[in-house]
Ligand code: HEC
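What follows is a single chain, given as structure tokens, in the form predicted alone.
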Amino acid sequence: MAARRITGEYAARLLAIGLAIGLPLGLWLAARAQSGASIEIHARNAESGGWSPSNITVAVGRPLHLRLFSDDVMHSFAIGQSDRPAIDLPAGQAVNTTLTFSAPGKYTFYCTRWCSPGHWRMRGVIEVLGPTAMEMATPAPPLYAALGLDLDAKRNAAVTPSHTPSAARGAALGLTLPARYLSPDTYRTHSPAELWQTLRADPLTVGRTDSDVWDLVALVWQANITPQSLAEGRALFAVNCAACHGEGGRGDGVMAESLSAGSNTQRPADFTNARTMLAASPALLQGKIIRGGMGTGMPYWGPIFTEAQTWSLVGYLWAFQFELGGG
């Protein structure tokens, strides 16, 4: 009897000790699991390795705690297709941030600071995993793919204007353009040179000069580019494009020389070149932005910009060819 009583008391004590230790430990582990993963990421110039690690996996809805370091110069950390502001990473300082993704998918993180000629290669991926039953929607193909456009084909406009076309002058002509000319579909799928040829052959423009018709083309372009999107496009261009293409769009940005010095690259595109620009449709320009330019040093921006942002950026590129209101 005594032996049983001692054994029972011993077991009770062990249970009490187990509860005393195990319950707080279990609560701590549960809290830690709910608090999410914690990862340290280092940023270096692309030529020195870029992000490390550059591929991260986390469960949907689980907080991802990041401790970010720059090992050389000022970098920044941003998530593509997100309205979260970029986080500056001063050299040698730790910066903490927490991300929580509500939907599964692959999210690109990148640097917004022009830190070196290979700046655009500073990309990484956060893969967010969800329940197997949660299927991701298949995105529609971009317009250039749906149209079967060859982004790399050389294009030159057969006719160019003698001076910069003006939407205001086009409106002052007092002509009522049919809705088919003003539609977003016409704007996105036709180059300005193609639309000029169509308008030139339309009885509507009989007696009008070639310059008048170019002003009508500018009017169509203005009808499809809001002042808000033009302003957004200007801001996107200044932050992401001007370093290579130049503030004036002439392909003479501060990084242009270093890009053209490479064996597989060429100078950034000159958006002030009427012969090449007026031969390009907005769908073609959007495609180049989304996919990037093969062998040109042009980054692929598809994982970075939203679709609306790509159209805003395309709209702003036309400000180098047309006088558009609201700009």
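We number the residues from 1 along the sequence you see. In this text the structure is predicted, and so the values were computed from the model without any measurement.
Omitted from view is the form predicted in complex with heme C, to which the following refers.
- Between 86-94, 209-217, 68-76, 233-241, the stretch whose residues reach within 4.5 angstroms of heme C in the predicted bound form through a non-hydrogen atom is 233-241.
- Exactly one listed residue, out of F109, F101, W120, W221, brings a non-hydrogen atom to within 4.5 Å of heme C in the predicted bound form: W120.
- Although the partner is absent from this view, R155 contacts heme C in the predicted bound form, with a non-hydrogen atom inside 4.5 angstroms.
- Using a 4.5 angstroms threshold between heavy atoms, A269 counts as touching heme C in the predicted bound form.
- A43 falls outside the set of residues with a heavy atom inside 4.5 Å of heme C in the predicted bound form.
- Although the partner is absent here, G293 is a contact residue: one of its heavy atoms lies within 4.5 angstroms of heme C in the predicted bound form.
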